[in-house]
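A single chain, nothing else alongside it, follows as structure tokens in the form predicted on its own.
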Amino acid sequence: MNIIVAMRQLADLVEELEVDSSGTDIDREFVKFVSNEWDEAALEEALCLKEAYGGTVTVVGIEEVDFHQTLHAALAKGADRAVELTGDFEGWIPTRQRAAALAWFIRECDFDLVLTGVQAADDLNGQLAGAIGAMLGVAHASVVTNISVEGSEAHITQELGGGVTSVSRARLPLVLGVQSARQAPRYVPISRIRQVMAEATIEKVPVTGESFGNTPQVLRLYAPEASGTATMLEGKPKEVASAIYDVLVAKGVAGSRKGN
């Protein structure tokens, strides 16, 4: 079984993000970038499938800040091949443009499954798997939580609304958006990643001649407006408790003290 996993980088949400001078993107110069957590789930599911059925796992993504660290970590975890797509990619990449570049590469590969994260935290778009599937002309499904394979068919578990799950069958090849893997993404020590960095090769493939079609353009970004401030209470425990109670009374959440 040949599995391709599409991965990407995004700004670490624990960082303090700022809008850049153009007003259309975040300032990326001093921001730490990390792997998309849903892509990590897709990679883990791919590695579990490889262990169960054999085959290969190829990790691919668009050239982005610190993307090499995600590719090296994927190789250290057990992926067989790492590919970085290069081209005129800058700043935030719309989902349709990302899907077109990935589909351009994937359609030349021999694959049974293409796995992506169900979404990414920077846009919560959730359409990457469907867009890639449409561009490749193969079936697709999303919000997938488990995958098993029997012959030329995959059994897919999907999470639906209200905690309901659905199990369906589909003929390979498929494109699936993974919500969660059957187990937590495996840990790989930094020593192993450094070993892979010294030994492994990341393939660079230029994306050429691809038409991305119409893609949304960011007109303006705004920092969230402050809706309030925090008040730090100091003093002994009883004094702090009394002050908290007074705040709750003022907000109408608690009744006034007896005798008042």
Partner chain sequence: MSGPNNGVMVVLEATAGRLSDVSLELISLGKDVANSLGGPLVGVLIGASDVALTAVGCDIVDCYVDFGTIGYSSEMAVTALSARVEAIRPRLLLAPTGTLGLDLCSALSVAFDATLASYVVGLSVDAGRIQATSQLYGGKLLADCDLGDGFAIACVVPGSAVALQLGVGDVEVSNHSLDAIVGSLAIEPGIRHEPEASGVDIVAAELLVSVGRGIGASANLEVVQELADALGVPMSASRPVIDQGWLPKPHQVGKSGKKVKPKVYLSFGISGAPEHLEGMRQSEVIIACNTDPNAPIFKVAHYGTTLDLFDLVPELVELVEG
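Here the rigid core means the biggest group of C-alpha atoms that line up within 1.5 Å when the two forms are laid on top of each other. Residue numbers count along the first chain shown, from 1. Computed from a predicted structure; not experimentally measured.
One more form of this protein should be noted, the form predicted in complex with its partner chain, which is absent from this view; the next part is about it.
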Is residue 118 a contact residue for its partner chain in the predicted bound form, using a 4.5 Å heavy atom cut-off? yes
So in the predicted bound form, is its partner chain close enough to residue 231 to count as touching (4.5 Å, heavy atoms)? yes
Looking in the predicted bound form, any heavy atom of residue 215 within 4.5 Å of its partner chain? yes
Against its partner chain in the predicted bound form, would residue 103 count as a contact residue? Criterion: heavy atoms within 4.5 Å. no
Check for me: heavy atom within 4.5 Å of its partner chain in the predicted bound form, for each of 92, 122 and 179, yes or no. yes
With its partner chain left out here, work out from 217-225, 61-69, 42-50, 195-203 which stretch has heavy atoms within 4.5 Å of it in the predicted bound form. 217-225
As a check of understanding, the residue in 79, 85, 174, 147 with any heavy atom within 4.5 Å of its partner chain in the predicted bound form should be identified as 174
Contacts from 47-63 to its partner chain in the predicted bound form (any heavy atom within 4.5 Å), listed N to C, are none
With both forms fitted on the core, give yes or no for whether the Cα of residue 246 moves by 2 angstroms or more between this form and the one not shown. yes
Any chance the CA of residue 185 moves 2 angstroms or more between this form and the one not shown, core superposed? no
Core-aligned, does residue 234 move its Cα 2 Å or more between this form and the one not shown? yes
Any idea whether residue 124 and residue 90 get closer or farther by CA distance in the predicted bound form, knowing it moves 3 angstroms or more? closer
In the predicted bound form the CA atoms of residue 123 and residue 131, compared with here and shifted by at least 3 Å, lie closer
